[in-house]
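In structure tokens, one chain follows: the form predicted alone.
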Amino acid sequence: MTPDGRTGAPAGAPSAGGSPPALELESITKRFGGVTALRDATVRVRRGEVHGLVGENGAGKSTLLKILDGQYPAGSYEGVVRIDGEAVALHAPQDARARGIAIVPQETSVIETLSVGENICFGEGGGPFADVRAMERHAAAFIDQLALRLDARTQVARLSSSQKQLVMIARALYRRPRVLILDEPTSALTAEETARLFALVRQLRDGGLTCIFVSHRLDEVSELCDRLSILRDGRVVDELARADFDVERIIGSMIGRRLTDLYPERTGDAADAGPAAAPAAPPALAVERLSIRHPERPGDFVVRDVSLAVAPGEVLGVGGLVGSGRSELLGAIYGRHPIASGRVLLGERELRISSPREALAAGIGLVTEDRKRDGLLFNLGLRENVTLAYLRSLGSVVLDRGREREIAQEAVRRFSIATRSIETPVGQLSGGNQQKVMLARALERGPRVLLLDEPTVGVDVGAKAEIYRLIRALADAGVAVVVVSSESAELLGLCDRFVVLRDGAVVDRFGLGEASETRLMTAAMAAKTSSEEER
């Protein structure tokens, strides 16, 4: 270990054959007022490699990417950026594009009113790109080269989140970059789309493209990357070659300690690993034969004849692939989607909920999957976001500001939200702290049932451990919790019983004693059995 705390290969190691690295960020320090986001950070990326960049939220990854993208201009930070050994001054994103650097940001960045082809060719003026049809023809040929399942003529507003992500990737590659930066590119992709993206990145790497890959999913980092830089508190603390990748070491470097147990210990009835497929106690929430129609195809159903139950103090895991109906199921329970048939019971009382406000009043809380789209109000601060669900009790005419501040301050303390103040704009918080704000808001009314849709999406390992402890503590206090997650390990480590959906229907249910990653994935991905076809 070096005196500054780094381990692994020397940061200054040259590329193979002695040629300069494709990209260097040397001794970068970036300050925001009194906060130092990067401290003497050095990252060197070799030509024709996939270089992983990992660290907890707030470790400095986004700041590094924005320096590379010209969003933080030269002169606003200390240190040097070099491309192929030449020091460069990037003053704006246009400078980065001119130097062959393209970025696919974590946030969705498409023009909804334009077609797929127009989005891909956007900014390419003149010549054959003078009209929309020409753009779409050229984009269609390029989409075929990439083997992406997109129609260049489709309006982007009609696409799913995963398809919009693919449009952003195609747009970046259309410029034929020398360096491609992928910031959490798989967060909205299905497993099949992720596999196709990785195959494409490998193909481009073998053709000489240099890629920086940022992800919280360490299995993806291990699968795709050739080398890895790990950041903590603005410093590069470890650098690993592929042969040295080790999840425990990576996590330990990210959080500065050995992570011996990511998931909290189950207590009481939850510690019993028996093969129970039904709750041991009378349910706090029961769903009986629930069906939900497809919003665009009324003759089809996104959820079909689903039944489940969760008891007080229990964590029920809902598994399945993206598009299996998991999110729609939670949305219907919470009053966001109309129920075609079936019923929802809270204890022994049947609920007829037509809006989230009614769900909150009944004692049901929800943390949505996409905190940027429908979870948080990014034009407001932490205080307002925490107390949104509590406004009616803060005064019908004049808002009780004092009580509102008390609620927000208590949320910061209870959920260990890292923030300068309760007035901090929620967009300035890390992903993990934004997720805690949503949990705080969902729990402010003291729900009997808590619905969590992908509760740790886009959250670093350390914040995940904190969120898991919060969820387990809620269950131990008697709250009935339903968790939807695309991570099998998360479901197995956190939940007491399991229900798996496929094509909107329940295809398996089992207790902790019968649970395994193989069973979860087999149920989610297997072809329909003859008995299912008969149903």
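One rule holds for the numbers: they count along the sequence shown, beginning at 1. Just so you know, these numbers come straight off a predicted model, no measurement behind them. Rigid core: the largest C-alpha set superposing within 1.5 Å between the two forms.
Although it is not shown, the form predicted together with a small molecule is what the next lines describe.
Note that among 39 to 47, 501 to 509, 476 to 484, 62 to 70, the stretch whose heavy atoms approach the small molecule to within 4.5 Å in the predicted bound form is 62 to 70. Taking the partner from the other structure, the small molecule in the predicted bound form has no heavy atom within 4.5 Å of any heavy atom of Ser187.
Although the partner is absent from this view, Gly431 contacts the small molecule in the predicted bound form, with a non-hydrogen atom inside 4.5 angstroms. At a distance threshold of 4.5 angstroms between non-hydrogen atoms, Arg420 is in contact with the small molecule in the predicted bound form.
Of the heavy atoms in Gly52, none are within 4.5 Å of the small molecule in the predicted bound form. This chain is displayed alone, yet in the predicted bound form one of Gln106, Thr194, Ser291, Gln163 has a heavy atom within 4.5 Å of the small molecule; that residue is Gln106. Distance criterion of 4.5 Å from any heavy atom to the small molecule in the predicted bound form singles out His216 from the list Arg441, Arg383, Lys464, His216. Once the rigid core is used as the reference frame, the Cα position of Ala473 differs between the shown form and the other one by less than 2 Å. With the core held fixed, the Cα of Ala489 is displaced between the shown form and the other one by less than 2 Å.
The two forms, fitted on the rigid core, differ between the shown form and the other one by 2 Å or more at the CA of Ser430.
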